[in-house]
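Next comes just one chain, in structure tokens: the form predicted on its own.
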């Protein structure tokens, strides 16, 4: 409270535990920013800002691996293509990035969050007295045919999921994470393999969902963390497109006209 704000109502309007700023003072989750600069990795900083504490090195390394794994998937990813197209329209780099990020919705960008929810349902069903594969089968049967985190329209086997899951295996062995969501994820994969003519392996959304869930992040933050990760790829592609200097680059080459529906 002060002469300017005698009741404290104004100061309380945006009251926050995330940061504190006064003349000459910047604290992030109670830690002076000058103590964090040069001593804290970006992945640890993300953890600190979201959870109010710093991770141990093994937790930070696992989080960083997940963030690295989903940075980019090429211009066939709508968020990348849209950002590149926006960059040719004369907007600023921030606008091109925002255009790409704003396309990360339920169908493109939301699978990690949805997979955390799926695996959490499997574990809850297991807790009701079923073994993990029976629990996975029951949850799969209750959902639509599409299961977030499994299969890929381009890759028979997603090249990113195996290395990431190996890191989770190591983290379980070292006692860094419990491994329950990993068990659930592999149980879903096993059941899917039984019910279809060919395997439906876990993709990067499933693997990162396991990492984020094992590290204790709630499902909505799995999407938020994916957005942070993918924004790096969006930045790189938008900047490359700007450097090429092309104008008004549409979604298909000028030599190809869209089919007309009569």
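The term rigid core refers to the maximal set of C-alpha atoms that superpose within 1.5 Å between the two forms. Being a predicted model, the structure only gives us computed values, none of them experimental. Positions refer to the first chain, counted from 1.
There is another form of the same protein, the form predicted in complex with a further copy of the same chain; it is not shown, and what comes next is about it.
Residue contact with a further copy of the same chain in the predicted bound form: residue 81 places a heavy atom within 4.5 Å of it. Using a 4.5 angstroms limit between non-hydrogen atoms, residue 155 touches a further copy of the same chain in the predicted bound form. In the predicted bound form, no heavy atom of residue 134 sits within 4.5 Å of a further copy of the same chain. Not displayed here, a further copy of the same chain is approached by residue 105 to within 4.5 Å at the level of heavy atoms in the predicted bound form. Checking 30, 218, 57, 193 against a further copy of the same chain in the predicted bound form, a heavy atom within 4.5 Å turns up for just one residue: 218. Comparing 174-182, 135-143, 118-126, 72-80 against a further copy of the same chain in the predicted bound form, the single stretch with non-hydrogen atoms within 4.5 angstroms of it is 72-80. For the stretch 212-241, the set of residues having any non-hydrogen atom within 4.5 angstroms of a further copy of the same chain in the predicted bound form comprises 218, 220, 221, 223, 224, 225, 227, 228, 231, 232, 233, 235, 236, 237, 239, 240, in sequence order. After superposition on the rigid core, the Cα of residue 25 moves by less than 2 Å between the shown form and the other one.
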